[in-house]
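Next up: a single chain in structure tokens, the form predicted alone.
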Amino acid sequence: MLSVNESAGAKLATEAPTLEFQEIQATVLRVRPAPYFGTHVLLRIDNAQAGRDFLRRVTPHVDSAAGWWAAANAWLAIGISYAGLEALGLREDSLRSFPEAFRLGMAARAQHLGDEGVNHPKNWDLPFGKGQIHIGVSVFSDSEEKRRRTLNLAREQYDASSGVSVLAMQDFGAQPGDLNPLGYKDGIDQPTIEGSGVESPPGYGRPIKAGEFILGYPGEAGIPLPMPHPDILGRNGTYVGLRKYQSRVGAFNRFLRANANTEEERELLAAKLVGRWRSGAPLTLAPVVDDPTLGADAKRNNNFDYSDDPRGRGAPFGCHMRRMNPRDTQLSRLTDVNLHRVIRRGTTYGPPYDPNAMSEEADEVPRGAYFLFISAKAMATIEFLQQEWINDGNFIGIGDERDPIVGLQEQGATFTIPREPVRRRVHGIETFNVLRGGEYFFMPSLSALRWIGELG
């Protein structure tokens, strides 16, 4: 597996790291392997003591972020929902110290997230949206053999507790070319965290204050964000928003066929929707023809800004990539982009992208992605992104157009491609990724996991 230095073009920072790596769970900083293999396991706690016993047994096997830039081959991550913290028997004063959106859970925040219509919690896959998901266990690995071995290790811990039940299990990864369900290279453009021990790779911007992502450290405002108490519970923890999407590959392919006549035109339209060619090459650096060599070069594929594309003729204003990180784009609604960055751990499940899938039946094939969004204020950040940047376009001057990849589209939705002499407005955009579930989790530090496990 490649180290961060090799995979992201980073190099070790000259200043000493300032984060308590031994306390932070590895997934917060450790990049996803390429190729990657893994499993998400969702658990329910039926007995508080059994749940705490499970945490005591599994915590020694949860990797910390120590030496994360020279990452281990496989690791476990643990997240706990608010309902899970209740089920584990946390004291009322600790429970009340968590943010309201976390206490309510993602399903109850559907209106704030714009999760309506086909994305409404009533349409989610079980067990999502029922308040039964208490603990999420994730295995990340660079090989199938190591995934099985690490998953078996986790299984031994929860199988030993008669009061802990498995609600769902989802294997992920192992897609040819490390592509997402719609055929694009993903995982590019992660924020660099100040004090993490590496310098920002070319094009990644200045490091963002650690407190934006990890509790107990100063954020961009110069002070730490509020955290749960006691301190041992909150410090070095963070929040995770998990969202499961079903990818409607047939609808996506039908859209490309309906709006482009040749394979070359279809690939250019697909690139305009995302802001990158499927290879990962950005349109700002390869505006007319794909450049797979550029897409594969971690030192070059994110080394750009939009200063040479102020009218969006390369990367349209409404493309997915420009929405989620506008960089130096002049926004209609002023905002500090660095306050709305999240660490992303996207994991693809199901069969790989099929460019020939055209039928409505192809839309129902179990295929999509679990997105993990990590931030010290994940709930507020995800809700902002959903409201302002994904399901609206006013912030970037394109009216009510929505994100063409993950947006919930209305009837008659369009996508605008700026060009000379006349812009092109593409009709027939559909919801290509349908939300099938979600939850907010707290990802405690290693000390916090041990502390919870010892509650009595």
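All values derive from a computational prediction rather than experimental measurement. We number the residues from 1 along the sequence you see.
There is another form of the same protein, the form predicted in complex with a small molecule; it is not shown, and what comes next is about it.
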Please identify the residue among Ile80, Ala376, Leu283, Val274 with any heavy atom within 4.5 Å of the small molecule in the predicted bound form. Val274
Going by heavy atom distances of 4.5 angstroms or less, which of Ala357, Leu151, Met321, Ala210 would be at the interface with the small molecule in the predicted bound form? Met321
Only one of 110-118, 179-187, 140-148, 258-266 sits within 4.5 Å of the small molecule in the predicted bound form by heavy atom distance, namely 179-187
Proximity of Arg91 to the small molecule in the predicted bound form, heavy atoms at 4.5 Å: no
May I ask you to state whether Ile382 is within 4.5 Å of the small molecule in the predicted bound form, using heavy atom distances? yes
Quick check on Tyr245: any heavy atom within 4.5 Å of the small molecule in the predicted bound form? yes
Considering non-hydrogen atoms and a 4.5 Å limit, does the small molecule approach Val58 in the predicted bound form? no
